[in-house]
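A lone chain, given as structure tokens: the form predicted alone.
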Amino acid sequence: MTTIGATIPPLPLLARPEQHQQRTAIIDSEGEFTYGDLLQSSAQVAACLLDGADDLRESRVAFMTPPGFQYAAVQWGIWRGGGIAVPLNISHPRPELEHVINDSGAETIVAHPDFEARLRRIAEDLGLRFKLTSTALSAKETSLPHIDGQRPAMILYTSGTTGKPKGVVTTHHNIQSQVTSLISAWGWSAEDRILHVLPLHHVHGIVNVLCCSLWAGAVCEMLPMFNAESVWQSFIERELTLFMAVPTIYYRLIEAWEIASAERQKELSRGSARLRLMVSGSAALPVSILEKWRDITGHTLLERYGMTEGGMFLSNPLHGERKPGYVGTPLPGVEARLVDESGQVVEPGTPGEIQVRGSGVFLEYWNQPEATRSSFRDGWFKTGDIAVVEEGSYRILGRSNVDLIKTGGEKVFALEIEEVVRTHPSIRDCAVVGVEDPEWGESVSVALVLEKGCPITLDDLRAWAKERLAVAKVPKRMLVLNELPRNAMGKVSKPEVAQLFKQH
């Protein structure tokens, strides 16, 4: 039996595992680990970071580990020692890592030995304390501080559409609110078993999957990286109940299914059908992917909407109709509204900016008081996303500064155009942007990824689109790419797409 030598702080997320100590918490490439293992290992990490001090006093600790048990142990160790966790993106080059480390004011870097060569040099050059996980996980346990829920817990850096990413500060209470909202809405229990394939520097992988799993007393199986065959095989072999991913992952899984033999396809479909829930998020889910996935697995993907700044805000129902192209209604503990450019609430059916409030909304942007102030209006967080409510459900139209295109005096929304263009039989995927134009102000421009052996001209596309779209929404420019530029979460980088048009 695992013993716990340090006092557990009164934070529910960290204290709840006491009742599940002998249950499996995490399975990774190194083996199986119980909740007792997690409590003991995180206490050792905390002791190593404290190094004789009584409290880290909100010192920022940047860390990088592969997906797995050590990630959770380090993150919890930072929290239990009174620090602020700053997860690093394992795919980032040195300049981007340095931005996060410098901007957050991290005083310590913790690295798995796999990343020692990358991070030790940065720590030495910046004069920061450096710890290996192998050292931290062998430290002798000590007394740990009392952690109040209002203290900052984590800084996550937004991908951003312009400029350098901002650090989003969430408190322990914010994270607890985000987690309990999803536990309630999606029916999490200790009997659940989820497959984790998402990056762990993003709210989707950290909160929606890992934190919810550990709060519920469930099992989280973590793959070292996404691989379509490994995921399909897990659906077949493991007793999974939950899977959460981004649209790009579902697209890759569909591709793998399509090239499989007929017998193998039946096996894959049967395995995936056994899960109770599959969720898609972090980017708009094309209706074509939702429909194809439903055909293959029998699952209608549950699409939801959220942001780094507050976790999840809206969700389709666990039970009930999930409408393709819609992201549902406010989650428990979340208030949402749509407002026009003057801040007035709009009528149903009228597009407006999504504004939200609730206990899960973030504390501040790190060291950016003006950006923090400008992001709120009378206590409501301004998401910058445009949506419309139709038959009680929210439909996302796009980012106000990226997906709203003003062309010839009319306003059109990129996501609406993309959904139509994707239905063309020659087009596999697309991204629509507005490109500066002397005649139109902005011209509707579409970057295409074509099906193999299916060429298309701009004239062909325009003729086809005119039968399906209002004239202002018909693309005026077209660019064919091998693939669309995307960020780590699979979201298309619209600024990069726009830049490609300018280059051409």
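So that there is no doubt, residue numbering starts at 1 and follows the sequence shown. Think of the rigid core as the biggest set of C-alphas that the two forms share within 1.5 Å after superposition. The structure displayed is predicted, hence computed values, not measured ones.
Same protein, other form: the form predicted in complex with methylmalonyl-coenzyme A (MCA), not shown, and the subject of what follows.
With the partner omitted from this view, the residue of P199, G434, P87, G167 that lies near methylmalonyl-coenzyme A (MCA) in the predicted complex is P199 [heavy atom within 4.5 Å]. Shown without its partner, this chain lists R377, K140, H146, K406 as candidates; in the predicted complex, only K406 has a non-hydrogen atom within 4.5 angstroms of methylmalonyl-coenzyme A (MCA). Within 4.5 Å of methylmalonyl-coenzyme A (MCA) in the predicted complex, a heavy atom is found for all three of V203, R304 and K476.
With the partner omitted here, the stretch from 288-296, 340-348, 181-189, 243-251 that lies within 4.5 Å of methylmalonyl-coenzyme A (MCA) by heavy atoms in the predicted complex is 243-251.
In the predicted complex, methylmalonyl-coenzyme A (MCA) sits beyond 4.5 Å of every heavy atom of A53. Contact annotation for E391: none of its heavy atoms lies within 4.5 Å of methylmalonyl-coenzyme A (MCA) in the predicted complex.
methylmalonyl-coenzyme A (MCA) is not drawn, but in the predicted complex it has no heavy atom within 4.5 Å of E239.
At least one heavy atom of V471 is located within 4.5 Å of methylmalonyl-coenzyme A (MCA) in the predicted complex. The single residue of 414-448 lying near methylmalonyl-coenzyme A (MCA) in the predicted complex is W440, the criterion being any heavy atom within 4.5 Å. Taking 2 Å as the criterion, R129 does not count as shifted between this form and the one not shown: its C-alpha moves by less than this amount when the rigid core is aligned. Once the rigid core is used as the reference frame, the Cα position of R276 differs between this form and the one not shown by less than 2 Å. In the predicted complex, the CA atoms of D460 and V287 move apart by 3 angstroms or more relative to this form.
A change of 3 Å or more separates the two forms for K406 and E309: their C-alpha atoms lie closer together in the predicted complex.
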